[in-house]
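Next up is one chain by itself, shown in structure tokens, the form predicted alone.
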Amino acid sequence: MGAEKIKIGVIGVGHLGKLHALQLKEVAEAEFLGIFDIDARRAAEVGRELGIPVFEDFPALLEAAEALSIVTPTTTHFEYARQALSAGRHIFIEKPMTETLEQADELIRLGKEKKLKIQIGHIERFNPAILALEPLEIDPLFIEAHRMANFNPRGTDVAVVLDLMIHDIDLILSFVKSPVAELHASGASIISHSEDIANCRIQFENGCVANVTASRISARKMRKMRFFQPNAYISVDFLEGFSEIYYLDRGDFQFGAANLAFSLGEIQKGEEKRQIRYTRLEKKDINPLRYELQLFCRTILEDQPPRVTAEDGRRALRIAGMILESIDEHTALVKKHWKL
């Protein structure tokens, strides 16, 4: 394996796969080899547009590469990933990781057996608004998340839980260091054959509650998450790429010089008065996709654990599956009640 660059290719060049190829061209740690897609016409079109090599078949790319970015439909993730790992190749897999937990378990087993890196493409972990929170200790009592999108036929082959909500599921699981105790969900199919809107209430063993809503039939876009914890309220805007924090100043929140804090007044709490302060946090000039692909390459070069592990991907898939089961149960009750 090269000491400074990783030989990497992209499998699947639909909308997102094309973006992977475009960004990998700019990653200093990557020696971008080219692309493969079962749709040869699409592959040739993207190859010409981006000026990159096109491999005629998957075995040819597999032979040439040290690592692969798998950006195909979820139904094919497992087979491509299994072949890549069996051949000794590191893999980046777009979310959701696989169709089933059994498939995820097999990839985790293979990765450990072969001592290979598996990173899952939960891109919101690398959103500037989330990266800006790294200096803070997030220990929420309540979380509220809304992910609303305009209708787009792309992605409607799966329920909105796996298409959109899984982003927030992964983030919430990364912040709440406690097992899920129970969850209740409901959803409805409006335009497509699977749920287009869904809501879930997740209760964790430590008492934290997360209320999560996702819709792909919204009149306006919204991607926000709010954390409520002792002495602080944190609002994350994924679309705009910044976070805001309102907090009672006890000296436990420290911000860099670039993040100015403003006083909004004071409040009596117990026997002392506390300042209510506001700070806007942001990290500029970060392309989330390029950054996560860059970190994947560094993970291999430096032999470090991936930022988003296969176990993380499996955990998000498991909770998404539980949500879908809960939606099915709720839908059955509704149909029975209304005699639909």
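Numbering starts at 1 and follows the sequence shown. What you see is a predicted model; the values in this text were computed from it and never measured.
The form predicted in complex with a small molecule is left out here; the points below concern that form.
The small molecule in the model of the complex: contacting segment from 276-284, 299-307, 33-41, 61-69, heavy atom within 4.5 Å: Within 4.5 Å of the partner lies stretch 33-41.
Complete contact of 146, 224 and 243 with the small molecule in the model of the complex (any heavy atom, 4.5 Å): So, no: the whole triplet misses the small molecule.
The small molecule contact at residue 168 in the model of the complex, heavy atom, 4.5 Å: Output for residue 168 is no: heavy atoms all beyond 4.5 Å of the small molecule.
Residue 323, heavy atom within 4.5 angstroms of the small molecule in the model of the complex: No.
Proximity of residue 15 to the small molecule in the model of the complex, heavy atoms at 4.5 Å: The answer is yes: residue 15 has a heavy atom within 4.5 Å of the small molecule.
Exercise: residue 121 in contact with the small molecule in the model of the complex, heavy atom 4.5 Å: Residue 121: yes, in contact with the small molecule in the model of the complex.
The small molecule: the contacting residue among 125, 216, 89, 77 in the model of the complex [heavy atom, 4.5 Å]: Selected option: 77.
Heavy atom within 4.5 Å of the small molecule in the model of the complex - residue from 230, 207, 73, 179: By the 4.5 Å criterion, the partner-contacting residue is 73.
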